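Have a look below at one chain only, the form predicted alone, in structure tokens format.
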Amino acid sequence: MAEFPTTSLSGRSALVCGASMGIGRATARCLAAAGATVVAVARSQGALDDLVSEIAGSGGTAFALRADLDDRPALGAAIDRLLAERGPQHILINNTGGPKGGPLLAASEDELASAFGRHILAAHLLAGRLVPGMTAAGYGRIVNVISTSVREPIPNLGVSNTIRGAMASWAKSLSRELPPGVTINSVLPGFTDTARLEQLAQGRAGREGTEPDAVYRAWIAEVPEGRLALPEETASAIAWLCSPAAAFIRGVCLPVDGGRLRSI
């Protein structure tokens, strides 16, 4: 009888983008707790140093890599150095802050182009650099942190809705091309208690002439679980998709939204 596959990530290395805060930070901690060696990527060196210290204090191993997803030539050079110094990265978490809110027609061409670059072009660059090592190792996991707007567009997040949908399509296309043992999936967070959500609440409150607390209450009223998600809950789903236990899952979009989505 076959044994159940493990959720341990011992012996694996994980590159986590947007690791300085929110879901990215929680994911870095969760992967480290599962045994992975984490390379935490963000623009803020101070926040990265704090994260690395926190992981080390919990018995894990992590390194900081300061990089800007908007500067892709420098990002590519940094990843090349990382691979030369530390070897293959078996896990890639594509995660970065979402574009500012507002109607789609109010967005400039530059705003759309910038968001496309930060999300899709950066993810494409990273996958191109990391997949050969994953293939050689016979083990690879790419997980994209995107949004429930892939299924149901969110009002006044026009640029984000557009880019998140494109990211999901990129991932699904790539899932048909990656070799056996190397998978790609996407996680769709719902309303999650992060600084990003606070920013969106303040923006919506300003547009509607109300208070952020009223915006939060309206959001929570849409969630059958009756609360916001914790970043650690989304991180746990991501870590599971990165594990051997999820080896036969490929090309899916997994909502972690407390049941808010109405679509099947």
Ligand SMILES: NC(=O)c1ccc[n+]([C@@H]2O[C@H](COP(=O)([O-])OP(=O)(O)OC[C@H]3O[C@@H](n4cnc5c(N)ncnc54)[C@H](OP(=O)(O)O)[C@@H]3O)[C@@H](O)[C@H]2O)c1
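For every residue, the number given is its place in the sequence shown, counted from 1. Nothing here was measured: the structure is a model prediction, and the numbers come from that model.
This protein has a second form, the form predicted in complex with the ligand, left out of what is shown; the following refers to that one.
- Checked against the ligand in the predicted bound form, the residues Ala115, Ile146, Ala171, Ala127 give one hit for a heavy atom within 4.5 Å, which is Ile146.
- The listed set Ile220, Leu197, Ala205, Ala33 contains one residue whose heavy atoms approach the ligand in the predicted bound form to within 4.5 Å, identified as Leu197.
- Mapping the unseen interface onto this chain, Val38 falls outside it, with no heavy atom inside 4.5 Å of the ligand in the predicted bound form.
- Remark: His119 counts among the residues lining the ligand in the predicted bound form, judged by a heavy atom distance of 4.5 Å or less.
- Put simply, Ala246 is far from the ligand in the predicted bound form: not one heavy atom of it is within 4.5 Å.
- In the predicted bound form, none of the heavy atoms of Ser53 sits within 4.5 Å of a heavy atom of the ligand.
- The partner is not drawn, yet in the predicted bound form one stretch among 131-139, 101-109, 173-181, 146-154 has residues with heavy atoms inside 4.5 Å of the ligand: 146-154.
- Using a 4.5 angstroms heavy atom cutoff to the ligand in the predicted bound form, all of Leu69, Asn95 and Thr192 count as contacting.
- Residues Ile23, Gly24 are the ones in 23-41 with at least one heavy atom within 4.5 Å of the ligand in the predicted bound form, listed in sequence order.
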